[in-house]
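Before any questions on how it binds or moves, here is one chain, the form predicted alone, in structure tokens.
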């Protein structure tokens, strides 16, 4: 309700005006159920169609919620106003899987951990891992060559899951990958790449790996010195501003978060990239020409070369526009705020969808079309103003974004020079709209050697 001030003689009175209620966006009168599922995508698309880019909702449990698809307001909420919001509904499932790591924590716990982890992901440190990216990519190339010579097919979804999981594990554990992780011949984390479900069964399997990770940590602590650089050494040596290290529980939560999030984002994006390249031969040819010019036969792969791979960067950014790894973000207002001409009350749930925003025609003309040139020199948007947030925005933007782009550039740059891909599976796969954006059926490609 609004307040109106009246002056009578020398005294002031305030009265409530019923027609001046708190400003809220338009929305349906009845309740709308929202979760992380295909029905929610359909509901949000319908709400945007009927009410615009700012929509107020009442959920079946009576909670207030907003769906925001206004690019400027999304950016404001995630950047300048981020301190007014915490993680929203749906993160309970993620917390069961990851513990209270960086992705799900809030407030002081999140701020402390972010400061402690950030040094591990400086560009200088990430560059030290390029050789591992090359090694893991070359291992795939050997296996794919045998398949190509036999005229077989590749389950590219599974291949990218296995590639990205092996890489992140090697980057975390360094030499301990061979002695502790791969020693038995069976990767104890393989269930993550072989099963896309993130249910209670997977949660229990993840918890079982904590004993293995703890054994590696304890082994590290008994050594006088650890020469190699890896993420585990950075996490173990990280301290907060008081000089305090992570507790064992905190360290395990952050490492599990890095394993799961670190492989899923790159695996999913590479899966979609190969899918798109197999259908767009002009983009494939452009990528091949760039890779052959900058890293002929896999030579000279370093940070300078990867920075020059501008077409590959555009291709990956366009892939992420069409298929963002996390298709739905949620926040919960912890204090009052105002967005556009509307008032956000505390405890309001906020729903943001990069998948919908990235396919909104007013921001991206002909949005369903795959066109990497959208991100080239002629783009109408400056980098800091794009209606685009596949890795989120602001302080909670993914710390591993740069690592992920380097990994994907190395992989595509090396393998595009060896293989031409043809799509065998459905050219319009059904989306699996869980926590991550996947396909319900794996993508199958047929590799062909160039020579």
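Model, not experiment: these values are computed from the prediction. Residue numbers count along the first chain shown, from 1.
Another form, the form predicted in complex with a small molecule, is not on view; read the next lines as being about it.
- Screening 287-295, 237-245, 317-325, 361-369 for residues having heavy atoms within 4.5 Å of the small molecule in the model of the complex returns a single hit, 317-325.
- Under a 4.5 angstroms non-hydrogen atom cutoff, the small molecule in the model of the complex has residue 408 among its neighbouring residues.
- Within this chain, residue 399 lines the site of the small molecule in the model of the complex, having a heavy atom no more than 4.5 Å away.
- Contact annotation for residue 66: none of its heavy atoms lies within 4.5 Å of the small molecule in the model of the complex.
- Among residues of the shown chain, residue 331 is one whose heavy atoms approach the small molecule to within 4.5 Å in the model of the complex.
- Interface residue among 140, 170, 87, 75, judged by heavy atoms within 4.5 Å of the small molecule in the model of the complex: 87.
- Just one of 344, 312, 232, 258 comes within 4.5 Å of the small molecule in the model of the complex, counting any heavy atom, and that one is 258.
- The putative spot formed by 25, 340 and 351 is not touched by the small molecule in the model of the complex; no residue has a non-hydrogen atom within 4.5 angstroms of it.
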